[in-house]
Ligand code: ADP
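The chain that follows stands alone, in the form predicted alone, written as structure tokens.
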Amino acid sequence: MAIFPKNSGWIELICGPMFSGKTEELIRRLVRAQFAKQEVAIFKPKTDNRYSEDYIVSHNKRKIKSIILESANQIYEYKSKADVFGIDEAQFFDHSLIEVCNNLAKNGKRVVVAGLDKDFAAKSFGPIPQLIIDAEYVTKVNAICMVCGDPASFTQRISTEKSQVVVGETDKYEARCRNCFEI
């Protein structure tokens, strides 16, 4: 049973590999906050242009209106306009996101963040490792291995690009278990 603070803010982190339902869970939590008549501000980095310019969209096409940001610091512009802050694809933001999330939580805001914890080489990705440490609530979700069907906690790049950030879908990535993952 989760106990949510009544007199302070907090950070919730949803992390895991691609195709594990991170965005779906983020949307679920934010829609519940909207049903509760809470003011919600939702953000995604400009880097994530896969499905829509102005929506966060899950792989199964569930979507929610969002604001595109160049920098995590732009979130401060909405500080007085919302009680709940949703941030998708957090791994694409720089480390300033850590300070933004902590400052919002310190100021009584609920901050719900979703992102990849590991990149295609199984190395920590962006601000996510520090957010795991800072968050009051961490939900690590797994996908299903696209090779054998076991629980998958790795993202396998199947294209030849070498850069850490390569935006793509099933054309470039697969969810893999530990045994099927290849570096």
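This one's a predicted model, so the numbers in the text were calculated from it and none came from an experiment. Numbers for residues come from their place in the sequence shown, where the first is 1.
Keep in mind that the form predicted together with adenosine-5'-diphosphate (ADP) is not shown, yet the notes after this line are about it.
Contact annotation for the candidate site: 13, 130 and 135 all lie away from adenosine-5'-diphosphate (ADP) in the predicted bound form (no heavy atom within 4.5 Å). Contact check for residue 29: every heavy atom lies farther than 4.5 Å from adenosine-5'-diphosphate (ADP) in the predicted bound form.
adenosine-5'-diphosphate (ADP) in the predicted bound form comes within 4.5 Å of a heavy atom belonging to residue 143. adenosine-5'-diphosphate (ADP) is not drawn, but in the predicted bound form it has no heavy atom within 4.5 Å of residue 118. Proximity of residue 21 to adenosine-5'-diphosphate (ADP) in the predicted bound form: non-hydrogen atoms within 4.5 Å are present. Here the chain stands by itself, but in the predicted bound form one stretch of 34-42, 143-151, 66-74, 121-129, 143-151, has heavy atoms within 4.5 Å of adenosine-5'-diphosphate (ADP).
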